[in-house]
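Okay, so here's just one chain, in structure tokens, the form predicted alone.
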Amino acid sequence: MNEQTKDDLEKLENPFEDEEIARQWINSVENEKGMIRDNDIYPKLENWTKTFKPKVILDIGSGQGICADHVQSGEVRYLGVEPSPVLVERAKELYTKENRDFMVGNAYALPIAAGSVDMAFSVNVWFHLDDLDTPSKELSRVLERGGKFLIITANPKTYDLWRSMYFDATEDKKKIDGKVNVPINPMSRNIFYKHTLEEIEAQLTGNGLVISGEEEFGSVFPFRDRPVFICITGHKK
């Protein structure tokens, strides 16, 4: 685990800050073709941005930058915030384009000026967060009045399916912590917080955000009738 001890890694809420785990993630995402991201997630992001035509769009938890190409077109400015320096460097290496910036930061303290973006989104980040109040507050802070948001996260109705992907894991009422099978290669550690939909909604609306839509989507074999994601959209008051 690089220069970090096992104890040091276990203190991290975001294991992606560990270089080895970040590289496992890079290999998985970059070699995942024709699966749930291509078929469900990226088209949803593309349709959303085309509908509202942003000037400045923020990606909270941008990983190695792959969503940038799906939401940025024309003169749109894209900002990607990611806690892992390894993933930020990979994003800068792969996704070079004008009006595009990747930076180290996290959902609890976004390095973005207040009211400076008109659209913000997050893909598969909310279930990695213990505290949802602070990132909801930060999301509201950086959006201009009327600015749009989109959050894709694990569907609370199918947490049992998410749990089935974990092994060598510890679990309590609040979280799952352990190794996880993701497409292409397993990851040595991941943390999954089991927030209810009501908890997610309450933190968003309690911070000046209006929810306009919720859509369950995305299926995995053999559970074709059980959508594993939920997409929550809305705007700042």
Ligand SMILES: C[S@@+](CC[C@H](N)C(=O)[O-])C[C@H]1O[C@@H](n2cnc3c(N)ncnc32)[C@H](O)[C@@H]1O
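Because the structure is a prediction, the values reported are computed rather than measured. The first residue of the sequence shown is number 1, and the count goes up from there.
Not on display, but discussed next: the form predicted in complex with the ligand.
Here the chain stands by itself, but in the model of the complex one stretch of 192-200, 207-215, 48-56, 64-72, 64-72, has heavy atoms within 4.5 Å of the ligand. For the candidate set Ala107, Ile151, Leu79, Met119, a heavy atom within 4.5 Å of the ligand in the model of the complex is found for exactly one residue, namely Ala107. At a distance of at most 4.5 angstroms from the ligand in the model of the complex, none of the three residues Lys44, Pro156 and Arg226 contributes a non-hydrogen atom. The ligand in the model of the complex comes within 4.5 Å of no heavy atom belonging to Lys175. The closest non-hydrogen atom of Val125 lies within 4.5 Å of the ligand in the model of the complex. Taking the partner from the other structure, the ligand in the model of the complex has a heavy atom within 4.5 Å of a heavy atom of Asn14. Residue contact with the ligand in the model of the complex: Val142 places no heavy atom within 4.5 Å of it.
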